[in-house]
Structures are given as structure tokens and as C-alpha cells.
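So this first bit is one chain, no partners, the form predicted alone, shown in C-alpha cells.
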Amino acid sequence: MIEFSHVYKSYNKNYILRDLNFTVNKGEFIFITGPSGAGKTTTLKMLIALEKPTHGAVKFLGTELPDLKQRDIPFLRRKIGFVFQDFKLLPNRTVFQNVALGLEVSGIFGDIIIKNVSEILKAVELYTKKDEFPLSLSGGEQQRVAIARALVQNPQVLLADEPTGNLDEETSLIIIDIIKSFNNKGTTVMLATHDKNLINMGRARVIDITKS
């Protein structure tokens, strides 16, 4: 489903990724690990065409992502949900409106939005807070909104960048349980983290990009 083959990435001639090779099969749950600055976020961003490799091949469903035309990138991103490390929620939009944004960008409106957003908010146990604004929520609740927004279009793949980085252990476990529940329904998950405790809790395959 996903393939990185001899991938190198440099910024100003400084390489942060060297000869990265791995594959991810449909339905897998994968941890991407390595110390801060090792290129975990860059690796995930290559899969939604926010970054391109300096050398090497990155494929999704057989498509070479660096070769995608700009007009095709939105269609790629409908298949891949991304949970950013800093949530990237819009403070002037309610929980419901934040989650609905991706559907609106895809040209979906009306009853379908109400149905899909309501269902995903119930799945992450935030439906009762649908009319609240992000700044009134706890860090764990904001992260659940970010997860709901990434999953509302039912993507084939969920990418999560340090989704528990600023959360306590109990809340981190809740977040992992939510992500695993979607993985159990068939969503492929790639989760970047340097937290060994989180990896131990997750009990999934680990790709250490510093050893690839």
C-alpha cells in the first residue's frame, strides 16, 4: 500500500533522511520512531505531498507521489487523514465546524455533513461538545477533535504526528485506544513518536528511521 524506496531528504545540503526503505500493508498499525530531528514528520508529510524526497521513490497505492500534478494532490489527501502535532484547529470555529471543514473543502454540504460529523464526534466521545470552541477544551479533547477531523472523510490511511506529545499518560492511552479502534475497522495507521512508553502501550510494528 505504502512504499519508501531508497529515500533521501536534505535541506540546504544537510541530509535528515538517508536511504529510507520500508513498506506498509493495508490495515497495518505502524509506529515511526527516532529522536527529535530524525525526520519523522518529514516522512509523514511526503505521503500527503507536503514534502518531496531529494532522491528515491515514495509510492501510495502504486502511484509515485513526487510525480503527482498539483491538481491531483487534493484527491490524494481525501484518502489520507493527517493529525498534526499542534492540532491546527481554528479557534474561531466550533468543534463541529472544525471537523466539517474537510468535507466542505471537498464540496460536501447539508445533511451529509451533519450525519458524518455527528457520527465521528460520537465515535471520539465529543458530540456533547460540538458547539464549543477549541480553546475551551482540554489538550486531550482538542486532540480528539483533530483525530475526528482527520477521519471524517473515512480515509484509507491515518497519519498522526506525535499525537500524544503534550498529554499525560492516561490521556495518551485514551488517544491510542481511539486510533486503534479505527485501525481495527480497517484504517491503516502510521503514527510518529519518540515516546517509548507509547510504543509499548501500542504493541505494533516499529520502524526506526535512524536504522533504516
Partner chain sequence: MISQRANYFINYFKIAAVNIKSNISGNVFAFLIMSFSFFIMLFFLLCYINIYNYMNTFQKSNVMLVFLKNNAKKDTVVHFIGTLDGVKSSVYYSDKSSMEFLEKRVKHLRSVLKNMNPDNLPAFIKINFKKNAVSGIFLSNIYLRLKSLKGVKLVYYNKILRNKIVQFMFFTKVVGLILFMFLFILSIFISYSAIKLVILRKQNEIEILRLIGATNNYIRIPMFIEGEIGTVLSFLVSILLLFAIYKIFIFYKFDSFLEFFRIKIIFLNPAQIVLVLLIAVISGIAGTYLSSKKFF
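Being a predicted model, the structure only gives us computed values, none of them experimental. Residue numbers count along the first chain shown, from 1.
As for the form predicted in complex with its partner chain, it is not shown, yet the points below apply to it.
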I need the one stretch from 46 to 54, 166 to 174, 59 to 67, 28 to 36 whose residues put non-hydrogen atoms within 4.5 angstroms of its partner chain in the predicted complex. 46 to 54
Taking heavy atoms only, is residue 84 within 4.5 angstroms of its partner chain in the predicted complex? yes
Within 4.5 Å, heavy atoms only: does residue 77 come near its partner chain in the predicted complex? yes
Residue contact check: residue 187 to its partner chain in the predicted complex, 4.5 Å heavy atom: no
Would you classify residue 115 as touching its partner chain in the predicted complex, given a 4.5 Å non-hydrogen atom cut-off? no
Site test, 123, 136 and 138 vs its partner chain in the predicted complex, non-hydrogen atom cutoff 4.5 Å: no
Residues within 4.5 Å of its partner chain in the predicted complex, restricted to 102 to 116 and counted by heavy atom: 102, 104, 105, 106, 107, 109
